[in-house]
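Shown below, as structure tokens, is a lone chain in the form predicted on its own; questions about how it binds or moves come after it.
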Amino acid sequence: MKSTLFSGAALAAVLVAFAGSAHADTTLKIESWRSDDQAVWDEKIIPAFEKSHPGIKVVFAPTAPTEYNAALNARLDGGTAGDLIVCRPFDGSLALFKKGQLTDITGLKGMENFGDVAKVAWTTDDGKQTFCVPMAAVIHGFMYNKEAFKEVGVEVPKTEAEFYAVLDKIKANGKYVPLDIGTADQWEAATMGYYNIAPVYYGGEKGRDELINGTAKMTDPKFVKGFEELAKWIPYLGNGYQAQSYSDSQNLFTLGRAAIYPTGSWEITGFKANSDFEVGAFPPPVAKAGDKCVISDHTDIGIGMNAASKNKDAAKAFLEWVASPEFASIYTNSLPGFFSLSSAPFKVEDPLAQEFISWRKTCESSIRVSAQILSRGEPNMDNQMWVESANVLNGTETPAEAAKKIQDGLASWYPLQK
């Protein structure tokens, strides 16, 4: 009798153990280059997902940004990559999809929350397949020192004429550098200069598509206009701006020595932490009153599924959650200045972040003109934009010369621009 009872108890234990094993948690691993986001993922994003998805555990395992592409490619090729892949925009991620290493998620639940501009960085050239869920974008514009504006007696400009009138008054006051940007690192002249202000003049996505389709050229007046505006900035820049680095510009502004800083929303957290004054923001001015404003709402980061994942159902559940308003709110508010691309309503808590994202309601969104297709050849258009934008700001080339060099570069390798 005792032997029979023992056998029953033992069998019950085995069955319990088997049942526990059969329902063990699935663990998803996320590959990313954003190691600076580790705390946000560990403390906010992952706990929120796991709370609503019992049985799925998530591990965020970033790689150093400079090593990410090579390390990720090696892990994908070797079959050791994580289930979820944080996607850089455009060609790098597109190449992974073409190799069959990222899954087609075109029909994923929640993708209806993202428009064509939001998805363009992770969609095939023909627009038919999407392979990463858009996570966030950065919005370009101008930040300004509210105390300086009050002291000088100027208001936020809306038009080109108002913008230069404000700069003239700040310059006449003499206390502040009117426009805080340098050219030592070159990239900021394009990223915070041309890419920031030029979409207003060339028509945003319409103009960008025309370049890709070959129906417009960089030497057309509407593209040259952005360089012409950069040239008009020269009298308002600080002494020795040619040797001024990106970090120099950041310090100049946060120390209260500059009034206006051409930049983007990625600066919000740092500037609010390091400035003793209230920071405001305004979008790129339009040519004249009544014109439609256009902002560079640039796709920055997405996430997709490793096609070789052994946990596809769990990975799909995570991607669907990333496409939800809940994720949009958590991510946007945890990283002010990195805005969800979702069209679904979600609340933004930071006042300065609210200002930036409010422009989506009144302005057309576009992305950087060189980001899609046009930087695949040599010379690389994006790299040329850095050099030529800096040359224009330095006064060593005219706007027309800069535009011609970029057009000549495109024509040398891109068939639709020959």
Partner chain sequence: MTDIAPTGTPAKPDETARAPRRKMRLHIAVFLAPAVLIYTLFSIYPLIESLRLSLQSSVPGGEADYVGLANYAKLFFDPLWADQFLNALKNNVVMFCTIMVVQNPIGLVLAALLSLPKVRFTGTYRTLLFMPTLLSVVIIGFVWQLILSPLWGVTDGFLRAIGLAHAYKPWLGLEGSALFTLSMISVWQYVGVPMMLIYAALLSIPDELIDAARIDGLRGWAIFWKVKLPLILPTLGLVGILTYIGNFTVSFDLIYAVQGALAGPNFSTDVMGTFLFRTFFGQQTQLGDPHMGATVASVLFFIILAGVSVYLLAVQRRLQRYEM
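Here, rigid core means the biggest group of C-alpha atoms that superpose within 1.5 Å across both forms. Residue numbers count along the first chain shown, from 1. For clarity, every value in this text was computed on a predicted model and none was experimentally measured.
The same protein also exists as the form predicted together with its partner chain; that form is not shown, yet it is the one meant from here on.
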query: Every residue of T159, S329 and N333 near its partner chain in the predicted bound form, heavy atom within 4.5 Å; finding: no
query: Non-hydrogen atom contact N251 with its partner chain in the predicted bound form at 4.5 angstroms; finding: yes
query: Partner proximity in the predicted bound form: R88 to its partner chain, non-hydrogen atom cutoff 4.5 Å; finding: yes
query: 4.5 Å heavy atom contact, K272 and its partner chain in the predicted bound form; finding: no
query: Heavy atom of S52 within 4.5 Å of its partner chain in the predicted bound form; finding: no
query: Stretch in contact, per heavy atom within 4.5 angstroms of its partner chain in the predicted bound form, of 104 to 112, 233 to 241, 146 to 154, 127 to 135; finding: 233 to 241
query: In the predicted bound form, the residue from G280, G214, G92, P325 that sits within 4.5 Å of its partner chain by heavy atoms; finding: G92
query: Interface residues of 55 to 87 toward its partner chain, as seen in the predicted bound form [heavy atoms, 4.5 Å]; finding: T66, E67, N69, A70
query: Post core alignment: Y68 C-alpha displaced by 2 Å or more between this form and the one not shown; finding: yes
query: Exceeds or equals 2 Å, Cα of E155 between this form and the one not shown, core fit; finding: no
query: Rigid core superposed: W386 CA moves 2 Å or more between this form and the one not shown; finding: no
